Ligand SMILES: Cc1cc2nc3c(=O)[nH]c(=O)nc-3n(C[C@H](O)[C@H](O)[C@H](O)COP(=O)(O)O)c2cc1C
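Consider the single chain below, provided in structure tokens and representing the form predicted on its own.
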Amino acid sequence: MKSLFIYFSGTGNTKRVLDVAKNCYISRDYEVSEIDVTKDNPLSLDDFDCLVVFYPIYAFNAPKPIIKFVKKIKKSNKKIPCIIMKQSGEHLFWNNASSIYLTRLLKRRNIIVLNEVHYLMPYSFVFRHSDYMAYKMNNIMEKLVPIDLERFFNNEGIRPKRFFLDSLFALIFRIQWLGGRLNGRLYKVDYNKCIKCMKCVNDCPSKNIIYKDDKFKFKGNCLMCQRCVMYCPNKAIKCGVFNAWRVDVPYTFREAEFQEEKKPNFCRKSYIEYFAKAEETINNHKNI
């Protein structure tokens, strides 16, 4: 059996989900091909038995590179079963809207989304969770992914609940695509901190950062994925009008000695509900 994984990962959370899923597929003797949508071209889906789409949710939408990539996929001559595995920094109901447009695009290409799952992973923007909270989120994700994929393999469909205004809501917040193009030009480098390691230039998924005439320049292709900000070794990059929301230290994902569950107050209830439901699912699966 051959499976195709397509993904976009900004600061690495989505890639973590993919790596866990890949191990599950390999354990079932699936042959796995990976495509980073910012680097590779679509393959013929007729050569594969299933498709898995991985992405981080940006402003209640799938990232633009995922959408652009799917639009390039040619219609398959057979129906391809698909699972969407997405992640975000909060588990709000409106995140269910992120896949609506994507699912329609896939269906036009004879790709049928049977399952859709959402994992809580630490913010790369707006708010910095504690390292212990990042560890806890990642630990739960690693336990849930095999359970969710087993349901997919067993044809147990899992789809999120929809609200009748979901499509409109997602469309409104798709303005983030434009916001990234505008705000991306406002990113600045603090040359008193910068060591000119070129990590930001080399790692930018949209090639938005160039170094010319001894200066860093930011163009209009920014995705606001925050990879450059989070992984700058000297915290030298300021992210425009949203600089107060930057998360400029990578998470260790290790269990900390001081185990502080640091959560943002604006969606605290959703964290409590997510962890409670996740633990119930994991415990129920152990008892089967």
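Computed from a predicted structure; not experimentally measured. Numbering starts at 1 and follows the sequence shown.
Beyond the structure shown, there is the form predicted together with the named molecule, which is absent from this document and is the topic of what follows.
- Query: Is it the case that Asn96, Ser99 and Pro160 all touch the named molecule in the predicted bound form, with a non-hydrogen atom of each within 4.5 angstroms?
  - Reply: No, the candidate spot makes no contact with the named molecule.
- For the chain seen here without its partner, which of 26-34, 66-74, 219-227, 44-52 has a heavy atom within 4.5 Å of the named molecule in the predicted bound form? In the other structure, the partner sits against 219-227.
- Item | 4.5 Å heavy atom contact, Tyr132 and the named molecule in the predicted bound form | Heavy-atom contact with the named molecule at 4.5 Å: absent for Tyr132.
- 4.5 angstroms heavy atom contact with the named molecule in the predicted bound form for Glu90: Output for Glu90 is yes: heavy atoms within 4.5 Å of the named molecule.
- Using 4.5 Å between non-hydrogen atoms, is Ala62 touching the named molecule in the predicted bound form? Ala62: no, not in contact with the named molecule in the predicted bound form.
- Contact flag, Met121 vs the named molecule in the predicted bound form, heavy atom cut 4.5 Å: Met121: yes, in contact with the named molecule in the predicted bound form.
- Task: Counting non-hydrogen atoms within 4.5 angstroms of the named molecule in the predicted bound form, say which of Asn138, Thr103, Asn110, Gln176 makes the cut.
- Result: Checked against the cut-off, the match is Gln176.
- Task: Could you list which residues of 12-26 come within 4.5 Å of the named molecule in the predicted bound form, counting heavy atoms only?
- Result: Result: Gly12, Asn13, Thr14.
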